[in-house]
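The chain that follows stands alone, in the form predicted on its own, written as structure tokens.
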Amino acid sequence: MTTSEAVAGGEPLRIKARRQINDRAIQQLFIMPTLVLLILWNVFPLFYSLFLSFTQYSHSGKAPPVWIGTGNFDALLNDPKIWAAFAVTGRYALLSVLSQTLIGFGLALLLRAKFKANGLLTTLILIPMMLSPVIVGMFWRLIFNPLMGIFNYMIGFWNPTTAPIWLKDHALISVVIVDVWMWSPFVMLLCLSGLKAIPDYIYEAAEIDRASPWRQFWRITLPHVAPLLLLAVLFRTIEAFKAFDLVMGLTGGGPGNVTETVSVALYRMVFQGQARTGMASALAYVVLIVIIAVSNVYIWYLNKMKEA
């Protein structure tokens, strides 16, 4: 190898290797502070709340946390109010997610057809999910008002004296109605993306084979949309178990404990009464375990669908 070859061939290799090391160092210089910040921002509160769940502690007092082991968890499992809150959350999640699935999937089937103002109609349907849940709750509180609201007039109750008081007589159903109104567009959006991904030639082949629309739905449409539909159900189920802002904006958990979900009960446990921070941390981890268990069921079924 000549000197010119060494200069032309060897020196650039050393420069290239040196630049790779410098680039890697620069990448780590920019990425590591962000990773450390994210770890401290997320992991530290997670483990600190886990520690507090095994202690008797109130953030409103000056006493330090006192280790009591699993005392908070034992108290929660034997508290009928907590079981009642889980029952309310379960009913709320079942009614809202089931209704959102049916309505969202139905809207997606309607909007799949090509017609004028399709894009405008889709945008208008998506507006509710873009609003703040607290604002939506306060807005619907006015709509449900038996004297000034329009909801009773829309369903045929023209006399305010005989009209039902929704936020009192049917509080949980009222919360479900508002949640369905707000989040059905989310299910529709996911289902619509799945419907538009189905090639047209599959339906054309089915029509040539004289398959009925009902058979096309069960054999073509539903199998293709099912993974996205199940993903939407998973997301909405998780959010339903964490429902707080919409409930607080609409009913505040009342009347009484009729709409007191687990998140509302947790809020009251921390910021009202004796401010039992340790027990509230334990309740938060119980909710986390329930959500993880439900999510694993959905994910297992979704993976089973993909393997089929």
Partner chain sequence: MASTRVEHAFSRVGPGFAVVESVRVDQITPRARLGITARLILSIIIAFVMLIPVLWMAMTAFKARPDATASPPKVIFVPSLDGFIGLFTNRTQLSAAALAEQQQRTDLNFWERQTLARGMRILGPSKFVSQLSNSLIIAISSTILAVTLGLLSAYAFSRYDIPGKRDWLFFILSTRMLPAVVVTIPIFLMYRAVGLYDTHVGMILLYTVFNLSFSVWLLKGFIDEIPIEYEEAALVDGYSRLQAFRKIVLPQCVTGIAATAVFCLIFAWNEYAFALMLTSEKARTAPPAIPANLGIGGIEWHVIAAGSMLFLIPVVIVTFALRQYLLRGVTFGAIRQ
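Think of the rigid core as the biggest set of C-alphas that the two forms share within 1.5 Å after superposition. Numbering follows the first chain given and starts at 1. Nothing here was measured: the structure is a model prediction, and the numbers come from that model.
The following text describes the form predicted together with the partner chain, which does not appear among the structures shown.
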Considering the partner chain in the model of the complex, which of Leu172, Leu109, Leu76, Ile165 comes within 4.5 Å of it through any heavy atom? Leu109
Contact assignment for the partner chain in the model of the complex, among Met148, Ile155, Ala84, Leu94, heavy atom within 4.5 Å: Met148
Is it true that Ser99, Gly104 and Val258 each have at least one non-hydrogen atom within 4.5 Å of the partner chain in the model of the complex? no
Would Ser263 count as a contact of the partner chain in the model of the complex, using a 4.5 angstroms cut-off between non-hydrogen atoms? yes
In the model of the complex, is there a heavy atom of the partner chain that lies within 4.5 Å of any heavy atom of Pro33, even though the partner is absent here? yes
Determine whether any heavy atom of Leu190 comes within 4.5 Å of a heavy atom of the partner chain in the model of the complex, and answer yes or no. yes
Would you classify Leu37 as touching the partner chain in the model of the complex, given a 4.5 Å non-hydrogen atom cut-off? yes
Partner contacts in the model of the complex for 268 to 292 (non-hydrogen atom within 4.5 angstroms of the partner chain): Val270, Phe271, Thr277, Ala280, Ser281, Ala284, Val287, Leu288, Ile291
Look at Ile31 and decide if its Cα position differs by 2 Å or more between this form and the one not shown after superposing on the rigid core. yes
For Val286, state whether the C-alpha moves by 2 Å or more between this form and the one not shown after rigid core superposition. no
Closer or farther in the model of the complex: C-alpha pair Tyr298, Pro45 (3 angstroms or more): closer
